[in-house]
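Only one chain is given next, in structure tokens, and it is the form predicted on its own.
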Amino acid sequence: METLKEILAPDFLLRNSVYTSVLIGFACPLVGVFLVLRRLVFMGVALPQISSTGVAVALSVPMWLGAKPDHAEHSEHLIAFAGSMFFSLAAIFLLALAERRGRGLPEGRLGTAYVVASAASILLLAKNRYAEVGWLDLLKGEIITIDNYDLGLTAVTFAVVLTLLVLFHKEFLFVSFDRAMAATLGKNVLLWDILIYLLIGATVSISVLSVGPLISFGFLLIPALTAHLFARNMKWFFILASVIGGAVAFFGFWLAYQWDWPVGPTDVVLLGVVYLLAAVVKSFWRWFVHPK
């Protein structure tokens, strides 16, 4: 309990890291629900890693141009966010276009994108003599100290994403569930697809920039998959996914701080344990209620 009191103290040194982790834990599953509904789980695996490649490219551009980068921390982060956003959106639209044309295997494309992006990210930063060591740590899933600017940028981005999700949730759900019916009723399916992809891209980009691809992937998909086991309707699907993500983010940080573990892997393993337990409980419940 002493550790919990220390973490909750207003003067806790890593309080911004806690706040950011919890924000990502609550927000990412809400976007992840749409990935599950659209059966784009593999895209949720690949996107955070592709986004991290955008970060690596953005940080390497000054070196390629023969100029020293601006080491002002806020400028560097804005450049990294722009690179992450560009790569995320480009990947989403290209993969969605390839899937619509029905050529090749979607899993093969996503798997290739994931492994190539992973290798490219490490190579780019390893060869950038100006890259901060913290960026390599971030790409490995280690949450570094987050300042007030990064916390504010994360909060504002998620506020915009969540506002749009609330305002247009009916349209997003309609085109996600039944595209053909939505088009028949005169809905601009392409417009709503573009908007939801923009929200997914923004969420992935800011998450990768704040906590790295490992945690981003974990919170995008695992809380949504866990909530899907129990949710009876879409309202509870969103609520359960968000609550699971936020709670695991906090308790994962607590455990990592208590036992001196890296936060990223701790969060993801804890998410996996929760998912496993939920699946076991669901199986026993089905057996108890509907025994064969």
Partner chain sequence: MPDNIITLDRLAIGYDGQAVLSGISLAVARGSFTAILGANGTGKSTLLKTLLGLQPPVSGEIKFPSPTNAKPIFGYVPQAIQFDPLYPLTGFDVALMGTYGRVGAMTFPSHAEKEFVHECLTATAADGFAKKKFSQLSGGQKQRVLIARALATKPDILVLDEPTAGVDVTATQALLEFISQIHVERKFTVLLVTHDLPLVKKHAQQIIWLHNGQVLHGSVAELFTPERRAEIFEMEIS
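Bear in mind that the values here come from a model prediction, so they are computed numbers and not experimental data. Numbering follows the first chain given and starts at 1.
The same protein has a further form, the form predicted together with the partner chain, not shown here; the description that follows concerns it.
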Next on the checklist: For the partner chain, considered in the model of the complex: do all three of Phe174, Ala180 and Ala231 come within 4.5 Å of it, counting heavy atoms only?
Outcome noted: yes
Checklist outcome for this item: Per contact check vs the partner chain in the model of the complex (non-hydrogen atom within 4.5 angstroms), the hit among 154-162, 78-86, 182-190, 116-124 is 182-190
Next on the checklist: When the contact criterion is heavy atoms within 4.5 Å, does Tyr197 count as touching the partner chain in the model of the complex?
Outcome noted: no
Checklist entry - Taking 4.5 angstroms as the cut-off for heavy atoms, does Ala90 touch the partner chain in the model of the complex? => result no
Item to check | Proximity of Leu37 to the partner chain in the model of the complex, heavy atoms at 4.5 Å | outcome: yes
Item to check | Partner contact for Leu94 in the model of the complex: the partner chain, 4.5 angstroms, heavy atom | outcome: no
Next on the checklist: Residue by residue through 244-273, which ones have a non-hydrogen atom no more than 4.5 angstroms from the partner chain in the model of the complex?
Outcome noted: none
